[in-house]
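Okay, here we've got a single chain as structure tokens, the form predicted on its own, with questions on binding and movement later.
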């Protein structure tokens, strides 16, 4: 096979893959501008109902409140999750002990436990602390992330240990070393972790569905599910809600994309 023919097949494959990836976003945006009946018919051209769909969503489904709820939960989860996970990953990598690797392996094994097996014990725990139907009942179980602990430890493996030793010689305590020296030089890793934590918390459905019971505490994902599962759902409004729910994730990703690839690759900005 000639080089030109090989590249032709590659470009065709990439074009088809790009179309498959982009088409759902296009259909989502187009659907937000059409009536429900047009969405059901599969209309792929832009309509004139964008303002009307947004107006119905804002007035009938308390859009502002659910966006604030989702933002509140996501911000707290992101901040606490990356702090806790990065400190855990830092500790596992920097401090040596006889049982360090055994404990670390045991923690990694918990990733194999399905969330359905943890849901009832977590619910009973939240009930004991009187956190049912509260945002903290959603936030607290989402803060510990085994994946982020693993992710940060892999990044800290590449961090120069000599810098930490030099800081100790100069009299810096461990917290100051972590927050003043290590953390600022790991911006790429923290950006990648923040994107992961934000998308996980923003898109969370099952746990908020179990914990949140009142309309005033619902998140955007629960609101979309409620609209779509109605007896006669307005799919134009559903598409509008999905568009709005997607925008914050795009904003966060593009705002942090400069550091995202470096963070995933485990690089350290010196």
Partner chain sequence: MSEKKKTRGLEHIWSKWGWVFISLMLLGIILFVFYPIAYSLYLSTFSTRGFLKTFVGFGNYIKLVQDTYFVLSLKNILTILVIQVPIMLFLALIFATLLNDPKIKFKGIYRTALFLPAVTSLVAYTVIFRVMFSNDGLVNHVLMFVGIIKEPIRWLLDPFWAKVTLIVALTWRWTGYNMMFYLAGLQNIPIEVYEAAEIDGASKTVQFFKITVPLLKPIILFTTITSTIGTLQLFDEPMNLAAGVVTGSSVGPGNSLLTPSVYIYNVCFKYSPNFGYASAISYVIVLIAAVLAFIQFKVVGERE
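Residue numbers count along the first chain shown, from 1. Note that this is a predicted model, so its numbers are computed, not measured.
We do not show the form predicted together with its partner chain, though everything after this point is about it.
**Q** Would you please decide whether residue 154 lies within 4.5 angstroms of its partner chain in the predicted complex, comparing each non-hydrogen atom pair?
**A** Residue 154 lies outside the contact set for its partner chain.
**Q** In the predicted complex, is there a heavy atom of its partner chain that lies within 4.5 Å of any heavy atom of residue 61, even though the partner is absent here?
**A** So residue 61 does not count as contacting its partner chain.
**Q** At 4.5 Å between heavy atoms, is residue 77 in contact with its partner chain in the predicted complex?
**A** So residue 77 does not count as contacting its partner chain.
**Q** Can you check whether residue 174 is within 4.5 Å of its partner chain in the predicted complex, heavy atom basis?
**A** Close contact exists here: in the predicted complex, residue 174 approaches its partner chain to within 4.5 Å, heavy atoms only.
**Q** Taking 103, 107 and 199 together, does each of them reach its partner chain in the predicted complex with some heavy atom inside 4.5 Å?
**A** Yes, all three are in contact.
**Q** Which residues within 23-59 place at least one heavy atom within 4.5 Å of its partner chain in the predicted complex?
**A** In sequence order, 23, 24, 25, 27, 28, 39, 40, 41, 42, 44 come within 4.5 Å of the partner.
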